[in-house]
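The data below hold one chain only, encoded as structure tokens and taken in the form predicted alone.
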Amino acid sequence: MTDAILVINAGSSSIKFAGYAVSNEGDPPLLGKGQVEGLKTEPRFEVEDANGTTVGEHAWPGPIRHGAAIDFIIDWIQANATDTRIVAAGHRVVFGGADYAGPVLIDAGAIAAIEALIPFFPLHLPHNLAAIRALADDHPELPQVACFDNTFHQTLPRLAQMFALPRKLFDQGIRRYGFHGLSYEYIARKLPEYAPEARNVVVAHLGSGASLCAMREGKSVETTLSFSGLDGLPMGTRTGSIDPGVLLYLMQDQGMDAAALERLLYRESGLLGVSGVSNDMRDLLASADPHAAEAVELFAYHIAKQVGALAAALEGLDALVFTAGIGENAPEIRAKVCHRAQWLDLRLDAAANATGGPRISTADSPVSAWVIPTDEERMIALHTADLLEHRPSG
């Protein structure tokens, strides 16, 4: 019987999950992964084994709740992975505020604390909590761990946390937190295997959500996402940085209310809004539409601009790392960014970039460039196993 950790990443309309074997050495091995998509429309379940082979599928005729999806996932594992025993569940929780310095075992107090943070992240935290509560209701004996996506950035210097707003707002929690922390933490953990001498590193997490992080000796010192998921780079459907005056104009002159602004900023902008074609970089790169090409160029321009800004925050740059869906799989984007970063003494190896690296800079490049796959789910499994091992007995 294999003891396993179930990792859950619950969104508004989907639940992604993965199973990892508890291991005493190195990274926990992946047992399988899957998802339930379209919770609010036409839900569909699919699961793959560790080799990527589909081993289970299911569809529902109409919408289901997070709880029903969690129940189905657990039931499927118990019925089909009969040599596996789930001993704990680890959850990606998008935001833990300023108080949590790391993952926590979930109890009533932790749930109440996360619930109190919903006003900061109303689009995400309710769904994270729905999965936690569903699992607690049906499997109260199962230990659960919350892994927060902002805690890696607890090391940000105070100045990097501050907006130029009245101090009382900072004290009320209006500050720069940073996100994609689980991804950055995994990269920081793996980086010594690739570039052990790199001290000052910028990591580009490029996916539907995108950000950059400046690390000094594996610790976050600056990042492009800040108070919410809207800052920094343009993303699949999100604006990235925008002049607050634009929002005042839209409210005062165009009569847009908070709901309309939320829809515009989160769902109608970014690559989709600029291109009018798609929020998927693969579609944009394959499109002949000039607006799609413009969206691609805008994305690469802002990445390169922020690489320069973060290099300044680090007071020097040793390495640039690309990761996540676009970062790992779009050599065209990497080439555009590296071309704009030549002034930093980064020299691209075009052939290595075309094949995905891992090193994509020339051997004599003073600043090295890398493609390193991220694995947020494995990071959650590592945290969960560690908490289980070190939790107080009794």
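Just so you know, these numbers come straight off a predicted model, no measurement behind them. Sequential numbering from 1, following the sequence displayed.
One more form of this protein exists, namely the form predicted in complex with adenosine-5'-diphosphate; it is left out here, but the text below deals with it.
Checking 290 to 298, 144 to 152, 203 to 211, 257 to 265 against adenosine-5'-diphosphate in the predicted complex, the stretch whose residues place heavy atoms within 4.5 Å of it is 203 to 211. Checking Met281, Ile132, Ile114, Met215 against adenosine-5'-diphosphate in the predicted complex, a heavy atom within 4.5 Å turns up for just one residue: Met281. Screening Pro28, Pro43, Gly325, Gly357 for any heavy atom within 4.5 Å of adenosine-5'-diphosphate in the predicted complex leaves a single hit, Gly325.
Taking non-hydrogen atoms only, Ala313 never approaches adenosine-5'-diphosphate to within 4.5 angstroms in the predicted complex. A residue is said to contact a partner when one of its heavy atoms sits within 4.5 Å of a partner heavy atom; Ala330 meets this definition for adenosine-5'-diphosphate in the predicted complex.
Though the partner is left out of this view, Leu285 does reach within 4.5 Å of adenosine-5'-diphosphate in the predicted complex, counting heavy atoms only.
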